[in-house]
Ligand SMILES: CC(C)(COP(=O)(O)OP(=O)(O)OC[C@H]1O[C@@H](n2cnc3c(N)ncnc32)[C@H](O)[C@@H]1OP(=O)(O)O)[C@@H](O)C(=O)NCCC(=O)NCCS
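Only one chain is given next, in structure tokens, and it is the form predicted alone.
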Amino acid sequence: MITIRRARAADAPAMARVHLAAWRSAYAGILPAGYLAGLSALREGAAYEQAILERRGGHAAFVAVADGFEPGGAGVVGFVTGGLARRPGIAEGEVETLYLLDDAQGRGVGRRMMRAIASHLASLGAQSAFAWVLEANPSRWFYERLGARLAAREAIRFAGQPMVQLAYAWTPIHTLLSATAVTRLPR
């Protein structure tokens, strides 16, 4: 069983491991191999721990925890972070990260994590939300399936490479809340 709960500082090392695994899977062949190999679980874990403790800008993190899924990894198989938009003009709330281990995909866990962060953003008063996604990200369809619309496109340099990032937005935020609502099967 996989449950979604608010992240605690002690989850930060496991979140970092998920982050690295997700990036090395999703961005192989997109980002330079040397960049992906050089990602530091220690550095990422420290950043996640700090963000969890500080909660700046309404920041929150939610983890997906599987019973017995990852020995020594606190069972964290995915996580989502977000808060008030770091950059004005696209939407009021921002989904900053969404990472899920490959083996945990296809089970509705990503949708449930998005529900948790959308509910949090709405509780902060955000009437809309968005997420930046690299155009080359093979999983960007996930946001489209949840009702997001392309709101912005910009050229960036990342890991020394020219890239395009896309902002997917849910305006109003209830679009995302509706798309991630729990559905019950008829008995």
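A residue's number is simply how far along the shown sequence it sits, counting from 1. None of the values given here were measured: they were computed from a predicted structure.
The form predicted in complex with the named molecule is left out here; the points below concern that form.
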Point to revise | Complete contact of 98, 105 and 142 with the named molecule in the predicted complex (any heavy atom, 4.5 Å) | key: yes
Practice item. Identify which of 31, 65, 133, 51 has a heavy atom within 4.5 Å of the named molecule in the predicted complex; exactly one of them does. Key: 133
Check your understanding: Since exactly one of 38, 125, 160, 138 fits, which has a heavy atom within 4.5 Å of the named molecule in the predicted complex?
Key -> 138
Check your understanding: Might residue 110 be said to contact the named molecule in the predicted complex, defining contact as any heavy atom within 4.5 Å?
Key -> yes
Check your understanding: Does residue 148 reach the named molecule in the predicted complex if we count a contact as any heavy atom within 4.5 Å?
Key -> no
Exercise for review: Find out whether any non-hydrogen atom of residue 26 is located within 4.5 angstroms of the named molecule in the predicted complex, and reply yes or no.
Suggested key: yes
Point to revise | Candidate stretches 53-61, 40-48, 149-157, 125-133, one within 4.5 Å of the named molecule in the predicted complex by heavy atom | key: 125-133
